[in-house]
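Okay, here we've got a single chain as structure tokens, the form predicted alone, with questions on binding and movement later.
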């Protein structure tokens, strides 16, 4: 079992596998680590995040990128809410690049690129799409289409050229690639394993995700994510104040 500074235990508190082309959600408690593992290589994991105490607070892609002066996400970055607080910190990353600008696939895109497969035809192997997968999970928390925001795409890389054209990087993630997220707030985590919207594969990409839960090590004042930028430091202070006032 892989062990990092974020994970003082030899075995996870919980371990599960989400099939490719599927979706799931749960509430992550602060002080815990969510480890995402690309089980077979080539995975794409769409993610949304919300505050379970106030779902109007959710992941904010523009602030996360501009406050850290980056186009990509990797170790040392924090994932910010639209209230200026830290949902989670990226404390381990094997790949060095994860996408959060390209959005998610919808039913029309999936049908045009990979054909239509219904549940009646293919049962659990039917062609799901990220948009409807997010909606299915959000409904469990009384949320819906109006609550969708720009999402993360773990294990996927999108590059840009000098003219601003975006290109999907094929073969970016390998089997066993791992990213660890330390949660600084209780957070509704919504996941899907549907294809990245820019994936040019000829066959419907269906790659499973293994996820594991660990107890996080205490966050110190010298924590690399906490001091990565003045904006990150302020966001940690905002998060601490939020917990103090609860």
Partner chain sequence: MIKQSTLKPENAAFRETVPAGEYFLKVVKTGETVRILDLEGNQAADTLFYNAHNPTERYSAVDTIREQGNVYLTAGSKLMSSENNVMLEITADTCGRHDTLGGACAAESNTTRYALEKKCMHACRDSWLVAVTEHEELGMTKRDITHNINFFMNVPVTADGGLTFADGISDAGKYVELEAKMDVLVMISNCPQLNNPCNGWNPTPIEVLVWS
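Residue numbers count along the first chain shown, from 1. Given the structure is predicted, the values throughout are model-derived calculations rather than measurements.
Only in words, not in the display: the form predicted in complex with the partner chain, which the text now covers.
Enquirer: Using the partner position in the predicted complex, report whether residue 166 sits within 4.5 Å of the partner chain, counting heavy atoms only.
Expert: Looking in the predicted complex, residue contacts with the partner chain include residue 166, since a heavy atom lies within 4.5 Å.
Enquirer: May I ask you to state whether residue 125 is within 4.5 Å of the partner chain in the predicted complex, using heavy atom distances?
Expert: Residue 125: no contact with the partner chain in the predicted complex.
Enquirer: Does any part of residue 147 reach within 4.5 Å of the partner chain in the predicted complex? Heavy atoms only, please.
Expert: Contact check for residue 147: yes, within 4.5 Å of the partner chain in the predicted complex.
Enquirer: Examine residue 186 and determine whether its closest non-hydrogen atom to the partner chain in the predicted complex is within 4.5 angstroms.
Expert: Heavy-atom contact with the partner chain at 4.5 Å: absent for residue 186.
Enquirer: Let me know the one among 51, 178, 60, 40 whose heavy atoms come within 4.5 Å of the partner chain in the predicted complex, would you?
Expert: Exactly one listed residue reaches within 4.5 Å, namely 60.
Enquirer: 90, 170 and 220 - do all three of these have some heavy atom no more than 4.5 Å from the partner chain in the predicted complex?
Expert: Not a single residue of the candidate spot has a heavy atom within 4.5 Å of the partner chain in the predicted complex.
Enquirer: Scan 189-206 and note down the residues that get a heavy atom within 4.5 Å of the partner chain in the predicted complex; none is a fine answer too.
Expert: If the 4.5 Å heavy-atom criterion is applied to the partner chain in the predicted complex, 189-206 yields 197, 198.
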